[in-house]
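First, one chain by itself in structure tokens, the form predicted alone.
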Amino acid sequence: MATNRTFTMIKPDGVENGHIGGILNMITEGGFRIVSMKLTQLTVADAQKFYAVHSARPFFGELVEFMTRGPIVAAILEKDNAVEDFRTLIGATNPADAAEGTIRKKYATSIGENAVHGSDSDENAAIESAFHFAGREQF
């Protein structure tokens, strides 16, 4: 059964390029309610832990370097069928392949700098939300 919460991050490129407001606007226009949100910055250890699933991949070092180079906006979103609907809203990882009207089509510049992260399952949404937000921060 699908849950009604998911996790997202506006990545350092989205923050650096001034797209926080535009991305948040697309999220709320997409019918999502922002449950929790904060501007923060990942440490190297945080990024390594968060992306541990990719640790054996050749791009892991670049991913950690990218995700720690500047602030991110972490958020928990709520909507019926949240994970699947948000994955549709953000679009394909490669912005060249992303559908028109998606966040990545509008704001991403490459596969590596694709503006936003979205959880890929209900289980990962819960894990990623707990990674970034203490229980008292999850409203």
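Not measured: the values here are computed from a predicted model. Note that residue numbering follows the sequence shown and begins at 1.
Missing here is the form predicted in complex with a small molecule; even so, the following discussion is about that form.
> Would the small molecule be touched by all three of 12, 65 and 132 in the model of the complex, meaning a heavy atom each within 4.5 Å?
Negative, none of the three is within 4.5 Å.
> Please determine whether residue 54 contacts the small molecule in the model of the complex, using a 4.5 Å cut-off between heavy atoms.
Judged by the heavy-atom cut-off of 4.5 Å, residue 54 is in contact with the small molecule in the model of the complex.
> Going by a heavy atom distance of 4.5 Å, is residue 93 a contact of the small molecule in the model of the complex?
Residue 93: yes, in contact with the small molecule in the model of the complex.
> At 4.5 Å between heavy atoms, is residue 101 in contact with the small molecule in the model of the complex?
Residue 101: no, not in contact with the small molecule in the model of the complex.
> Does residue 106 make contact with the small molecule in the model of the complex, using a 4.5 Å heavy atom cut-off?
Judged by the heavy-atom cut-off of 4.5 Å, residue 106 is well away from the small molecule in the model of the complex.
> What stretch, of 75-83, 39-47, 26-34, 107-115, brings heavy atoms to within 4.5 Å of the small molecule in the model of the complex?
Looking at the other structure, the answer is 107-115.
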